[in-house]
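A lone chain, given as structure tokens: the form predicted on its own.
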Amino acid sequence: MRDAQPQAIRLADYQPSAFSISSVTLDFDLYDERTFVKSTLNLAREGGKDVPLVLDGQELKLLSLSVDGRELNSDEYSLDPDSLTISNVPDHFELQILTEIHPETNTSLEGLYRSRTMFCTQCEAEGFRKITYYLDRPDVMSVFTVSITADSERYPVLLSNGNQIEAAPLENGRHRVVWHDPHKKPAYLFALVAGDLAHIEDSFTTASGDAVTLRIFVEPKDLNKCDFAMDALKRSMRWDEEVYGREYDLELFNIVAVDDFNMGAMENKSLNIFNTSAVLASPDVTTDQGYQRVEAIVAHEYFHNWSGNRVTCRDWFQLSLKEGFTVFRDSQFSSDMGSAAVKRIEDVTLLRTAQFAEDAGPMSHPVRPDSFIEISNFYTLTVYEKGAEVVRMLHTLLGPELFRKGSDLYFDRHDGQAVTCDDFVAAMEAVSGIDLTQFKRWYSQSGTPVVRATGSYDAEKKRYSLTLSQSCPPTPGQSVKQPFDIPVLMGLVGSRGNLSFALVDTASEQRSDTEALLRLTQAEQTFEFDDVEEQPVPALFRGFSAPVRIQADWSIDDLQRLITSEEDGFLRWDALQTLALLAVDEAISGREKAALSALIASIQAMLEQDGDRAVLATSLILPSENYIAEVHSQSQGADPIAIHTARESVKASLATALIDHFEVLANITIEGAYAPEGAAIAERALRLTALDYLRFVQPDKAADIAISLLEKSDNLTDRLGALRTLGAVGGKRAEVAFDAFYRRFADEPLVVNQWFQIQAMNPYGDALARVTRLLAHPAYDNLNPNKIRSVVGAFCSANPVQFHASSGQGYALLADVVIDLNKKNPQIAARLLAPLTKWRNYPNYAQRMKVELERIAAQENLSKDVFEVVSKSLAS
């Protein structure tokens, strides 16, 4: 453990900066063995006269320091590992700082670092302090001018934010390019790239008629993988104009693909830097889901131009102000570009499987955290996905028109400012007249609310009474919760479909004769519905209108009625998932197979109907083992081995009962060349899901189809699906297929990552030995985040039955990797820890998991990132 424990930073202690910076000039002199950075800052005092100037800085070598042209002596300032302090400065002054840094040895991938042959930056959240001494906080916004000098042959492309205003050759084979960004921004949005890069170029004309040049920069070998991202960018720009009225504000928009990157992408003003996995796309290297991910991330980072850049967050506690809002926006965009029902199902699946678990674990925190030790640990599903659900609830409460007016007001009020979540909600209140005081508890209270539903029907009066109660379990630092303001979008389902009704409650809103929006604001409320013709089944939380756990006494017949008669696609899928959970529980307990029989009948009915093929493909997938474990952990605790065995049993029963359907679907022929478009995506998903069922009954036939797909298919989706099937079937043919696949794609890192991932996630055979071999594979790189996630992350997070094997060796493997990465890339080390933090969820495995956490905690010089996660996980 660290000798001096790092201290938490608290929202309650926030104070505005004592100084502002009106303009910044940065001069970078890039060399292979070192880099020199000269910064010129124009500062003004905003606080008291006696306040010293304290600048953030880490891993910097200070070479010179001057105020208004006078170089300071060493006794006029003080340095420590995290800051530079100058005690006596004027009210207005120019500060010039010269530092030396070493991007070539920067394995944290924060600040300025090397990725393969290029220089690049990642400054969010606090990476800029590794470049130069600065007020590295989001509420200090300034205009940047950046000069970059480097070897002209090795680094012909020199990029930064804004517009290029100068370029010139220099002596000794070097050259210089100068960039100016006219928009004020915080330091976390600064970006620099230098390398030997190729690019594609396109253009976009805004609704106002302004021309924008669009460029995507990549290593030359990847130039043929940029077209889809470019098209996605143009679709995003047009959509943002049409749906939110937001136009782009510069003449140039650049994207750069980087192989070594801790995140998916970064929205630096006008110079977005992307993980290669989030921007490169072609049929040979990208799956259908990969194409959709590229489109969504391109949109997300572009949408940040307004929701994050033009209006940014005051402090890092307000991170969801930009991220939650922008995730909601990119989700809307993806829904409009594809299947809205499938997109909602995907979002809710992630939320329930991973974010609900985060809410129930030791790292639980509100959407707007109260405190943190290391802000990088709070780039979480709670801040992003739950934050997006909070925005979605506002959209549900206000409706599309008022929500648009609220977002317009928010942007108009706060353009060029650093603001808070309260400012966002205030704009929504102003346009709607709705009191959102109680609603703001979604930002300040952690945990997942539990809504309990009971109902009764009076046939004589034709009145249905629905009682809803809410509670929220204790979470770290919050033992008692006040009631949330929960929007419940709902209907009533009869024997032949949705029933009409008259809502009695005037505090809620009847939106049609078959739908109401209830506002659950108390610990318990009863809602009355008149003119209900028969005993209904309540269809609660249509579209998952609030991120809550739902407890209702639905019978198997009720669930089947929702599956066959409810109009909301999400609720039909959700009822089927609930049936599947009951069937798994039956298999674990050995009870009568009533739920399994109903599940088989329901899926058979879906297979025989002419419905939405994309929804059908999604509906055939059983709840994941991680989700089942998350549900079980709320009551008796989870046993991953028993869950895996039971889920396999249910899959085998479905395969046996519906084999004729699955055999037909597994042999689907898709005409024409590959295209990542809706109908074809759905058909491929159906074919591969059916193939996975087929292997339970006819493994040889499934293997034959898989090998045929590997040999004849023109896309990575089919090939990886075939590999997954072969990995499950096992045997010599599988070994040969995996070896041949690697030889074919050894020069494509993105494909090799997915080849790693499939093997790490394979729950059959000796997965630990397989993962150990992968870690020693020549293509594995223990410093590349994509490689680490594809092997260690995939095994520990997505292969629970093998990770939790009784030997405990999976836990030890993860601890070893975290201890090693703690010294090299603390951010990735901390993120990998998530599976071990859930040790309390697994009573039969908890002690072995805890031992490995304690081993990590005992290490010398733990990073703040790892210390925070481990210490909170072990806290009683």
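Here the structure is a predicted model, which is why all the values come from computation and not from measurement. The numbering used is simple: start at 1 and walk along the sequence shown.
Although it is not shown, the form predicted in complex with a small molecule is what the next lines describe.
Proximity of 124, 304 and 330 to the small molecule in the model of the complex is complete: all three residues have a non-hydrogen atom within 4.5 angstroms. The contact with the small molecule in the model of the complex, taken as any heavy atom within 4.5 Å, belongs to 323 out of 323, 568, 574, 288. None of 297, 655, 197, 768 but one reaches within 4.5 angstroms of the small molecule in the model of the complex through a heavy atom, and that residue is 297.
Within this chain, residue 136 is remote from the site of the small molecule in the model of the complex, having no heavy atom within 4.5 Å.
In the model of the complex, residue 264 approaches the small molecule with a heavy atom inside 4.5 Å. Contact check for residue 379: a non-hydrogen atom falls within 4.5 Å of the small molecule in the model of the complex. Contact check for residue 439: every heavy atom lies farther than 4.5 Å from the small molecule in the model of the complex. With the partner omitted here, the stretch from 315-323, 170-178, 352-360, 531-539 that lies within 4.5 Å of the small molecule by heavy atoms in the model of the complex is 315-323.
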